[in-house]
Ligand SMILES: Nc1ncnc2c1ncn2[C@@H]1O[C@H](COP(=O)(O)OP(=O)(O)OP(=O)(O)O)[C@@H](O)[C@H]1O
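To begin, one chain is listed below as structure tokens, in the form predicted alone.
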């Protein structure tokens, strides 16, 4: 049986807006295991990105728990949280967020440098993962020299290089044309399944959302099965 990669227990998040309290998440229980793929759809402002930030430990809930591999992340110190995030979570965003003054190879190696891996080993791992996403010949190019689809594949490689337990993807194809969106999303699904990584992806594109094993819609703080 696959182990739980991420789990929420009675997770709630509210925001104060003047005198009104806005409930973004209302006691959400959700579990995703290694190798599972889950998509989340919903109207703009429904709280999809907030949910991802909570899963990543970048935002704190008002109540409830977030578990990474069964451990309550808010029991850790901020230093431990940073180390465990580097080991556990990979991120892919709508905008690639690549460092413009670093090559593709260096951008992918960056999380490993943060882990204080020797430069040679970090570059070897980055080279290997760039080959897996079809960018061997572009590894020394800078973001300005890459197409939009290529930049997003570099971002995907950066998320994969740390061998995370889960990838959180926030509109990972939202900045691409339809053809490149299909290519990048197919590659994302292929890699997480190959490597037994859990995937939680937020997207407005239902055609892509339906390619995940589980599809949820976030409405009024609750998750409903989309189909």
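Nothing here was measured: the structure is a model prediction, and the numbers come from that model. Residue numbers count along the first chain shown, from 1.
Not pictured, yet referred to below: the form predicted in complex with this ligand.
Participant: Which listed residue (36, 46, 39, 162) meets the criterion of a heavy atom within 4.5 Å of this ligand in the predicted complex?
Facilitator: By the 4.5 Å heavy-atom cutoff, the listed residue in contact is 46.
Participant: For the three residues 93, 155 and 173, verify that every one has a non-hydrogen atom within 4.5 Å of this ligand in the predicted complex; reply yes or no.
Facilitator: No.
Participant: Heavy atoms within 4.5 Å of this ligand in the predicted complex: which of the stretches 66-74, 177-185, 48-56, 191-199 has them?
Facilitator: The contacting stretch is 48-56.
Participant: Taking this ligand as it sits in the predicted complex, is residue 24 near enough to touch it, meaning that at least one heavy atom pair lies within 4.5 angstroms?
Facilitator: Contact check for residue 24: yes, within 4.5 Å of this ligand in the predicted complex.
Participant: Does this ligand get within 4.5 angstroms of any non-hydrogen atom of residue 210 in the predicted complex?
Facilitator: Judged by the heavy-atom cut-off of 4.5 Å, residue 210 is well away from this ligand in the predicted complex.
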